[in-house]
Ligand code: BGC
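Just the one chain here, laid out as structure tokens, in the form predicted alone.
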């Protein structure tokens, strides 16, 4: 039976608001023997990126602290494999499914199968479309796109005017569409006025850096070096863009955006080849999602602050805020929070050129 979600209008900051109601499910208690532990199924799109390895580790750690075990399967960006993974987790009778879908539409089948087995579903970071997941836990992804576009406009050689290349994410990822929607909200008036010229734009299949590199290579072939900025939707595509720019001697001369605050991106920001990234506090997301999963497995009411349309209906949603990171505030954000270490960020930079160690 599908979990009942109570929606209220609340202001969400760094913590998840969890309603207290309904008794725990019979026979499932925490702190008893391992056989009585709640079991969470975590189906991941991929573990090839450092970001998702970090999510897994933090999610599993927090779930364990709450007396739950996590069974993790990763599909390596293969929809058929991920549906099979979901079937395996259902067969293993997990108490709740947490899914990071490769294809947010294809995974509607997984939600249906889970509900037929009486298992609630949390869509983690990426929305599952055309279905009725019980909860969506992520960041405010349209706001991510807005922040990227605003930063770009403010830091162009002539603020508010310039020639740009746009790299979108994977078409199969609903988040990529949300980032684009946020970017469009900021850019479209200036594109219409002619102040911003989009020289080239395309989607980077599966978010792969090599696909982003090809997009920038095509833009350079058509336009030469007269590019002011690359609006890359995440750090992986930013890395591909910067590789293409480096081959033309343009790295550090063309503004490049990013997202995820990956350590390699922070290193690029420190040396000046990438201008910014968006820090999404993964510890907040992973820990919050683990807490919510335990609550749902215990058949408790979850309080969500928003609801988002996924093409099928409104999905109760918990969204966390994000932070723009530049060379000026790396220490006060990701390093302070332990997302990356000082030594890792400034590796390869002479001591005399590093900021004081915090």
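Note that this is a predicted model, so its numbers are computed, not measured. Numbering follows the first chain given and starts at 1.
Not on display, but discussed next: the form predicted in complex with the ligand.
Among heavy atoms of residue 129, none comes within 4.5 Å of the ligand in the predicted complex. At the 4.5 Å threshold, heavy atoms of residue 125 reach the ligand in the predicted complex. Within 4.5 Å of some heavy atom of the ligand in the predicted complex lies at least one heavy atom of residue 52.
In the predicted complex, at least one heavy atom of residue 280 sits within 4.5 Å of the ligand. 234 is the sole member of 148, 274, 82, 234 with a non-hydrogen atom within 4.5 Å of the ligand in the predicted complex. Residues with any non-hydrogen atom within 4.5 angstroms of the ligand in the predicted complex fall in just one of 293-301, 43-51, 64-72, 316-324: 43-51. The partner is not shown here, but in the predicted complex the stretch 255-273 reaches within 4.5 angstroms of the ligand through a heavy atom at 259, 260.
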